[in-house]
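The data below hold one chain only, encoded as structure tokens and taken in the form predicted on its own.
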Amino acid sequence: MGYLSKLTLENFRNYSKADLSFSPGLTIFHGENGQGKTSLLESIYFLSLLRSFRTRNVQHLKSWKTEAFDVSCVLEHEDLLADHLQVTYGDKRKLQVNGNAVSRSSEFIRQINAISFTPEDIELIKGSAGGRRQFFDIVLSQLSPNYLINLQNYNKALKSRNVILRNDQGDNSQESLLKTYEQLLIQYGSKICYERLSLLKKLEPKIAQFTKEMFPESKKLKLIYQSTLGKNLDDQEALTELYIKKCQDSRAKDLSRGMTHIGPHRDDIFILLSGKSLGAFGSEGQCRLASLVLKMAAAEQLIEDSQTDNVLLLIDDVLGELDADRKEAFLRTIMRGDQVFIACTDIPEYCQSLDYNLYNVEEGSVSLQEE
């Protein structure tokens, strides 16, 4: 089991400087709203996945009127060795692992495996297909280093093919280039589809269990992978053959519209509650509960996976709308993580009986409350 032992921030959000030390288990960031609790969770998430769960614009993470921010941590392991991770973001991004520069995000990601629980998670249900694809891609990237590499290669090939489609010359050289990039799309895209479907199957029993705990007994939550390639994609070899045919059939349409219509970048995950589209017909409360169930199932999958050295769960303002039974069911599940960080204005009653470290957060200043 690994855990985050130190976290250092410089010019990150409202923190000009912060140095924190942690133990395994539960850490609570306590304070009023707007004091910087969420930013601490966000910095840990950024070290995990090089992205924020609050904004797509990394420049927004810099403190006001500063040129760059720096986040770093020490990650302890059971074998007594420790890793030092550092991200500096100014005009350019600089990544370091144990003092050595790394150029590719795939070399940095997976050092820390983190799942965040935030109010914005409702967009997994009500939002766009892109958000749902991204959720699956993030979980799979933490479970498998090859998945992220395949995804990056797929996106590069997709971008190149779309450029060729938009610059239609109507000659043999263009057709040859299209076929070249189609081979790459098929090579990487079939693996992406297969891995997404495999993950969905692994999550099914976990989703069923957590649905029983979070929803009334009669409700059933079901996820259906909707692929542009069609149905019955369980066999990777058959999936590849189908992909080849779909690319050929779609080429004329793609040329006329200047974009690629077939592939995992166009797929969606339909979320049904008792047979009805949850995003279209579900209440706000049902959508929030369903988003918690999906995140809980993903966290459980990471915890069970033998290759994940650590699983950090980051909880921000998702407990307020839960009744006592659902709140306890949720907290009991997430406490299985190697480390749990909760940002709250009131310490949950369930947590009060547990051992935890308590940090008070006020106006970008963090202090450990001694017993």
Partner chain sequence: MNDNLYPDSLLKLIKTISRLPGIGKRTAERLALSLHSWSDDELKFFGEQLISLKENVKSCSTCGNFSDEEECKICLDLNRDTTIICVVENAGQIAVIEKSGSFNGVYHVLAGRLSPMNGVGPDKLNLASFKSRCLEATEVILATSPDFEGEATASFLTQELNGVQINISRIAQGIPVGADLSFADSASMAMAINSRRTL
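Please read all numbers here as calculations on a predicted model, not as lab measurements. Positions refer to the first chain, counted from 1.
The form predicted in complex with the partner chain exists for this protein as well; it is not shown, and the discussion that follows is about that form.
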Query - the partner chain in the predicted bound form: contacting segment from 132 to 140, 278 to 286, 261 to 269, 156 to 164, heavy atom within 4.5 Å - result: 156 to 164
Query raised in the report: Among the candidate residues 225, 108, 181, 147, which is the single one with a non-hydrogen atom no more than 4.5 Å from the partner chain in the predicted bound form?
Result: 181
**Report entry** Sole residue of 93, 104, 253, 220 within 4.5 Å of the partner chain in the predicted bound form, by heavy atom
**Finding:** 104
Query raised in the report: Does residue 74 reach the partner chain in the predicted bound form if we count a contact as any heavy atom within 4.5 Å?
Result: no
Query - 4.5 Å heavy atom contact, residue 176 and the partner chain in the predicted bound form - result: yes
Query raised in the report: Looking at the partner-bound form in the predicted bound form, is residue 188 within 4.5 Å of the partner chain by any heavy atom?
Result: yes
